[in-house]
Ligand SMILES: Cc1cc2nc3c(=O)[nH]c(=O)nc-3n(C[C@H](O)[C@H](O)[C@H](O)COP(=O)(O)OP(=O)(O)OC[C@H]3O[C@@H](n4cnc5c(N)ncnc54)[C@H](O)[C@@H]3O)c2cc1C
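The chain below stands alone, shown as structure tokens; this is the form predicted alone.
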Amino acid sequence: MKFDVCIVGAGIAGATMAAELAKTGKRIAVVERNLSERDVIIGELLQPGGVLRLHEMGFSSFLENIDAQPVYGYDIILDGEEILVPYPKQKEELSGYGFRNGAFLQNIRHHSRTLENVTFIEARVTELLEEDNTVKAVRFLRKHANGEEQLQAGLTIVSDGPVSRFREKLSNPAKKVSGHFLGLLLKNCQLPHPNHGHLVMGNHPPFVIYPVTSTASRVLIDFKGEKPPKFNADFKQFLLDTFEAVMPEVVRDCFVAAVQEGHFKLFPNHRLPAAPLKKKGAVLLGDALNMRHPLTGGGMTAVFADVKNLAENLSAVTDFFDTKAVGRAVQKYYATRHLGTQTTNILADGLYGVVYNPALRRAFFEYVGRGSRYAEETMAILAGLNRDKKLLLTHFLGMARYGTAQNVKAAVKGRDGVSISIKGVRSAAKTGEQLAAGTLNLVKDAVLIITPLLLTEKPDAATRLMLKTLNRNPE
């Protein structure tokens, strides 16, 4: 069998890539080991920026007939206090959407499978076949088949997900598991603010809640560390003891019911900076190439940005068996993809670091609570509508400076409401009478969080200059 393009994996990235690339009229094969509807807890919240990418590609119908719920912003909760932050208004009215991932993916697959020039093969890819250091074909094994088959393609797009079998062949991965999300489905549950995501922080592991159908909402609870929690006899009681009291009051009964039902699903939270190798005849796409913490729900927004970028570069290729032409398109994709994904990646992992730092999470809560541009621009970045990395850095460090200033004001006022001098505050801080060590300067903590993220997101000249300045004077 001979095709112009072979796509390995028909997840969100692979199935959408097939639909977008099919517009070129080229012959496309999609090899996926399981085409049945999947039941997963990831990829259930699409930010407005991802919705916009779908609109731009002409795929708005992917969101239809799956009971998808519009999401208009976030309710941010810290120790019982809350701030409602809407998505910023745009010329084109856009919301985010919550849905069941399996239903959304089946919509995409159904569309792609109706296209005349796209062939789906339900099979497991066992090998990428190379000749002269160029991927020329793939070998696969169909379900219930006795022998393997192979197909030849001018370009092989590897999009086989978080546990990719071929990632190491096409990149230098540095994958890290920062924790695990425990997913529960809250049934027939009223949210504090309908059609909003909810981020709940405090002296407990953070969790998010958002609608996925008209009758169900997803709660994802973070368990930090490389090892997943154990589902032993005491686990249900642990969940109730730890999280029932800090759940928003209107969802507590639903949460208790979900815990008692015990339908727990775990998913590891990965961080995987993109580090592709120059391999002729092949390219990585989706979670096989790049992952970030799912706390901000930015994964699919990044994926659709990558799909659009790669497809646009490949659209100029007339002959996919022209190795040089395909290679130029792939390298341009690799060289430019960070422009569509870097702010999503940095914010996701940066905010994860913030929510586990008590002083920074308070600073973040109060900074966004100021409203105006402090909330609007921050939410525009979270929504994937603004991809300006400089703006992200401005607000990230601005949040830390604001928190520092608020701590200084509180310290100057003194415990008994009596103003004291800055000199006195510093002295008191040293002796532990007024402030715990480090609370007068949160900027250093913020820099320590964001610097490694910047370094793995293809830093430009301006970023390198900023990092050099911060390293010289982190305050």
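The model shown is predicted, which means the values in this text are computed figures rather than measured ones. Don't overthink the numbering: it's just position in the shown sequence, from 1.
Missing here is the form predicted together with the ligand; even so, the following discussion is about that form.
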Original post:
Does residue 160 reach the ligand in the predicted complex, with heavy atoms at most 4.5 Å apart?
Top reply: yes
Original post:
Would residue 273 count as a contact of the ligand in the predicted complex, using a 4.5 angstroms cut-off between non-hydrogen atoms?
Top reply: no
Original post:
Is the gap between residue 109 and the ligand in the predicted complex 4.5 Å or less for some heavy atom pair?
Top reply: yes
Original post:
Can residue 123 be called a contact residue for the ligand in the predicted complex at 4.5 Å between heavy atoms?
Top reply: yes
**OP:** Name the stretch: of 29-37, 443-451, 403-411, 53-61, exactly one has residues whose heavy atoms fall within 4.5 Å of the ligand in the predicted complex.
**Re:** 29-37
**OP:** Tell me, out of 153, 303, 363, 209, which residue has a non-hydrogen atom within 4.5 angstroms of the ligand in the predicted complex.
**Re:** 303
Original post:
Considering the ligand in the predicted complex, which of 197, 281, 286, 384 comes within 4.5 Å of it through any heavy atom?
Top reply: 286
Original post:
Can you tell me which residues in 1-29 come within 4.5 angstroms of the ligand in the predicted complex, by heavy atoms?
Top reply: 8, 9, 10, 11, 12, 13, 14
